[in-house]
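Starting off, we have a lone chain in the form predicted alone, written out as structure tokens.
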């Protein structure tokens, strides 16, 4: 906050606005922007890893593994995101605490389930009751990342599975005819070529992931949508030094600009990646590049 912000009642115009936008709560909103970007930076590769594992499992020659991959893709894709977030986070948190309870409190003589209450020994709580606030926030963020990765990993698995199936089978057979093992043909022939077919679907999935970040509030993480609603609501002098009418429209308009700018930058980057991947490939994109270079 600026030095001239000591007396809000004496401010007006640009000075009032500059002091208003640098209050502690607005600083929390700016940190929330970083939280969203960090979530995307971690979740995207994690979801891709889940997706690659799910797609690889789904096309496995080992039947139980193939069933596991297909069930993972079908169940997670078939459940609404909101319902999955509300259920899975609670179930995951309780699963972690139950495991810790079995290890740390083997002599516990009370029921864990007491009606609708789930109670474990204090040593098994996650985080511990006396843990610092940043530990609670980090744990909540970790659960959010894991939940997003599992949900969007199932969609990525479906995209990658289709991309693997799109690579001509003749190329795999040719590689094996030249003496490559199944594993070698998978990593050297199939995987490098599948990205050309997968990137359009993965691009759409990335856009959906960006738009899904407001669901963070369901997981107990204070995101930018939460703060826009909180700060934009009508404030009186009784509750704040900077009273104002209902400004939620302006806050959400700022969020609109933020998300549109972010998606536009993403489109530019993804388009460059697609041009790079299709260079020299026997695809429509590769053919277009060859004609442009001729």
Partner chain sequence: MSCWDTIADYGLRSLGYGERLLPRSDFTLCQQFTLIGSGMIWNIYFGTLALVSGFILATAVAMAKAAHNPWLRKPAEWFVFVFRGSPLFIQFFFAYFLFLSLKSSYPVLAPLTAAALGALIVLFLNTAAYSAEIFFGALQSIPKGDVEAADAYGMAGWSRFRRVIWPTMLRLGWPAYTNEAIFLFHATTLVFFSGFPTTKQQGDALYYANYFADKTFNPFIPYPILAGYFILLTLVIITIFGRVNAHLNRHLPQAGRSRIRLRPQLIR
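Numbering follows the first chain given and starts at 1. Since the structure is predicted, the reported quantities are computational estimates derived from the model, not experimental observations.
Note that the form predicted in complex with its partner chain isn't included here; everything after this is about it.
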Is residue 174 a contact residue for its partner chain in the predicted complex, using a 4.5 Å heavy atom cut-off?
no
Are any of the heavy atoms in residue 185 no more than 4.5 Å from a heavy atom of its partner chain in the predicted complex?
no
Does its partner chain get within 4.5 angstroms of any non-hydrogen atom of residue 193 in the predicted complex?
no
Please run the contact check for residue 259 against its partner chain in the predicted complex: heavy atoms, 4.5 angstroms, yes or no?
yes
Non-hydrogen atom within 4.5 angstroms of its partner chain in the predicted complex for each of 40, 56 and 146:
no
Using the arrangement in the predicted complex, list in sequence order the residues of 182 to 201 with any heavy atom within 4.5 angstroms of its partner chain.
197, 200, 201
